[in-house]
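Single chain ahead, by itself, as structure tokens, in the form predicted on its own.
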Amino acid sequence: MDAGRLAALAAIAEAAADVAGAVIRPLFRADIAAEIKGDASPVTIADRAAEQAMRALLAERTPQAGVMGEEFGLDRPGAGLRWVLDPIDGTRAFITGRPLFGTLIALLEEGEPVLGVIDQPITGERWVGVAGERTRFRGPAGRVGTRRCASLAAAELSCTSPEMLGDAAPRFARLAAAARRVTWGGDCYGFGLLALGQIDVIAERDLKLWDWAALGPVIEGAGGLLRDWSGRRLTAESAGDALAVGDPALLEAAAACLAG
């Protein structure tokens, strides 16, 4: 896809983030109920209403493109272009009043992510990654660029929660033992921090397409890599384990720690 077309689609993605944020902000720290879905994850009216708002905008501006969202499934499955939406990545953070969640918007061309947005509607931070370009960041503090860190012994490691690791916890423990320190929490916000050079390595499990598709263009446009735990590029058929490194020199050692 040419640069001009990608730029136009990036503007549409940002408009979708704007409408999602307009839905989410009035509901943050409000008295709203959370339901538990079949996969044991929580969902609120904010998740559903934000996705509906994004779908309406995308259907109007890119009617030829497919849309896949966490809450309402897939429309136009045969389309070569497909938007992938997670209205609130980090619903547990949202319902407990912590601004460590984000809205994720990705665009796939023939299955390959070419555009990604991470938007934090409470803090006003936004990361926009476009294939072949440097990631753009808007926020009160920080600048785009992963940190040079060629040794795991000096690396800041992060993961959203120990529970997501399941029976792979011993493999993560090997990586944790090799790293400088481990912090927990963050969902997609942690990946945004990696793109700002605040975190060096993130290893997570059980991610769906809508959880990771937007992250790759953001991280790679900031100088890092997003792969699976074996070091391979993520695809729609991947098992759901994700390994992000700010310095590509860390990839081999991190993947070796996580090897089954």
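Residue numbers run from 1 along the displayed sequence. Values in this document were obtained by computation on a predicted structure and should not be read as measured data.
One more form of this protein, predicted in complex with a further copy of the same chain, exists but is not displayed; see below.
At least one heavy atom of Ser158 is located within 4.5 Å of a further copy of the same chain in the model of the complex. Contact check for Leu226: no non-hydrogen atom falls within 4.5 Å of a further copy of the same chain in the model of the complex. When contacts are judged by a 4.5 Å heavy atom cut-off, Leu152 does not count as touching a further copy of the same chain in the model of the complex. In the model of the complex, a further copy of the same chain sits beyond 4.5 Å of every heavy atom of Gly111. The stretch among 183-191, 103-111, 81-89, 68-76 whose residues place heavy atoms within 4.5 Å of a further copy of the same chain in the model of the complex is 183-191. Each of Arg98, Thr123 and Leu196 comes within 4.5 Å of a further copy of the same chain in the model of the complex, counting any heavy atom. Scanning 51-86 for heavy atoms within 4.5 Å of a further copy of the same chain in the model of the complex gives no residues at all.
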